[in-house]
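Presented below, as structure tokens, is a lone chain in the form predicted alone.
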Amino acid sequence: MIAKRNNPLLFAAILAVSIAAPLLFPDYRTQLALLWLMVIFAMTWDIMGGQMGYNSFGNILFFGIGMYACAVLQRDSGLSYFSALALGVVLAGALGIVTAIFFGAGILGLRGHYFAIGSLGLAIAAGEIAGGIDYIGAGSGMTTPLFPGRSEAGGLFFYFFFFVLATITFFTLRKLYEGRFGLAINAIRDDEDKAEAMGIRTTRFKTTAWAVSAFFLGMAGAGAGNLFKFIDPLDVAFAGSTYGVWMILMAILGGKGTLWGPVIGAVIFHITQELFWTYLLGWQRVALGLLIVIIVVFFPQGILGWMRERWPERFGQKIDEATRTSGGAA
């Protein structure tokens, strides 16, 4: 049995650094906000791809729906900026859940690469459909309401927006993974047929897992639309070739199927990507492609898995040894 650590010093350190970062580096608030957005991407994808074994290429669908839903509500409701944003975030999360349940009823009956391709088709179709609807700007995109204040204040506001959302996502998932929900989706990942034979209602858990992912991605999309100030249907809202792929890579890089792995992967990936864009202008996409190859070839279990193999005692696995030798648990 692997021990589960609750290290208050670790959380306190992360909290202190997170609060200080936008104040110490005011010129990088947008990049820091995007870092938390990447963390949300990786964690929400890992619910399906890592914890449940359903590799979704279409999770960007919920991000785009949330982005448009919040922006349209802000534009048409007549409410003040913050009232409309708050209502739009709730609406975006709710629409994500409804969409996941609606499409999940059909597509979650597929398995393996059939599900992956089906989910990819959903994301691509959503981008094309959004590009043909004049009400949301069609292919020309749409602008979102401007933050009522100085741009510096807006950057700080959305930094903490994504930081709080990522924190809520993390602790919600930790709670879910420690309970029956986590055991059920892990059983589906290990052997879905046996899980069904054991009485686990797999369809219900698969749909719930996708809905949880959609809920947080929808809210992230609502905030991202305001952060970017402009929504393009293919390059921003339903950007499957960038955000859609990155959320998978970040989870794999850190260690999919773990709680901390996607967080670690997102932080490393985002920092690396920003360095590429800063110092390798013109070659950044080549470098990013090489990074993807390195991730897949050398870190199939992710950085967290690689570290666990080499320093198991630092991850509580020394308790396994104690259990074997003494029959007890620390």
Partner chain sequence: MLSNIQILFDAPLLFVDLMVNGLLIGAIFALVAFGMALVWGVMNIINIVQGEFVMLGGFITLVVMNKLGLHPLFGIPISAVVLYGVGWALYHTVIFRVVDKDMFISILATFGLSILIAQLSNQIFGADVRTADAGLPTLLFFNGMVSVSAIKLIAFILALVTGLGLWLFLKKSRLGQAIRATAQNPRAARILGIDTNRVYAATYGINAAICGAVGSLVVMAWAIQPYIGLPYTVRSFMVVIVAGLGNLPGVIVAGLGLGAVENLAGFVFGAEFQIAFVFSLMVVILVWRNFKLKRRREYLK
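Treat the numbers as computed from the prediction; the structure is a model and nothing was measured. Positions refer to the first chain, counted from 1. Under this definition, the rigid core comprises the largest set of C-alpha atoms superposing within 1.5 Å between the forms.
One more form of this protein, predicted together with its partner chain, exists but is not displayed; see below.
Trainee: Of the options 197, 146, 86, 125, which one has a non-hydrogen atom that comes within 4.5 Å of its partner chain in the predicted bound form?
Mentor: Checked against the cut-off, the match is 125.
Trainee: Identify, from the list 140, 172, 151, 241, the residue with a heavy atom within 4.5 Å of its partner chain in the predicted bound form.
Mentor: Looking at the other structure, the residue within range turns out to be 241.
Trainee: Where does its partner chain sit in the predicted bound form: which of 277-285, 59-67, 26-34, 262-270, heavy atoms within 4.5 Å?
Mentor: Careful reading of the contacts points to 277-285.
Trainee: Is its partner chain in the predicted bound form near all of 252, 289 and 298, within 4.5 Å of a heavy atom of each?
Mentor: All three within 4.5 Å in the predicted bound form.
Trainee: So in the predicted bound form, does any heavy atom of residue 114 sit within 4.5 Å of its partner chain?
Mentor: Yes, residue 114 is a contact residue.
Trainee: When the contact criterion is heavy atoms within 4.5 Å, does residue 179 count as touching its partner chain in the predicted bound form?
Mentor: Although its partner chain is absent here, residue 179 would stay clear of it in the predicted bound form, with no heavy atoms inside 4.5 Å.
Trainee: Within a 4.5 Å heavy atom cut-off, is residue 231 in contact with its partner chain in the predicted bound form?
Mentor: Judged by the heavy-atom cut-off of 4.5 Å, residue 231 is well away from its partner chain in the predicted bound form.
Trainee: If you check in the predicted bound form, is residue 45 within 4.5 Å of its partner chain, heavy atoms only?
Mentor: Taking the distances in the predicted bound form, the answer for residue 45 is yes, it comes within 4.5 Å of its partner chain.
Trainee: Who in 97-115 is close to its partner chain in the predicted bound form, meaning a heavy atom within 4.5 Å?
Mentor: Contacts from 97-115: 106, 107, 109, 110, 113, 114.
Trainee: Answer yes if the CA of residue 264 moves 2 Å or more between this form and the one not shown after aligning the rigid core, and no otherwise.
Mentor: No, because once the rigid core is superposed, the C-alpha of residue 264 moves less than 2 Å between this form and the one not shown.
Trainee: Using a superposition on the rigid core, decide whether the Cα position of residue 291 changes by 2 angstroms or more between this form and the one not shown.
Mentor: Yes; residue 291 is a residue whose C-alpha shifts (by 2 Å or more) between this form and the one not shown when the cores are overlaid.
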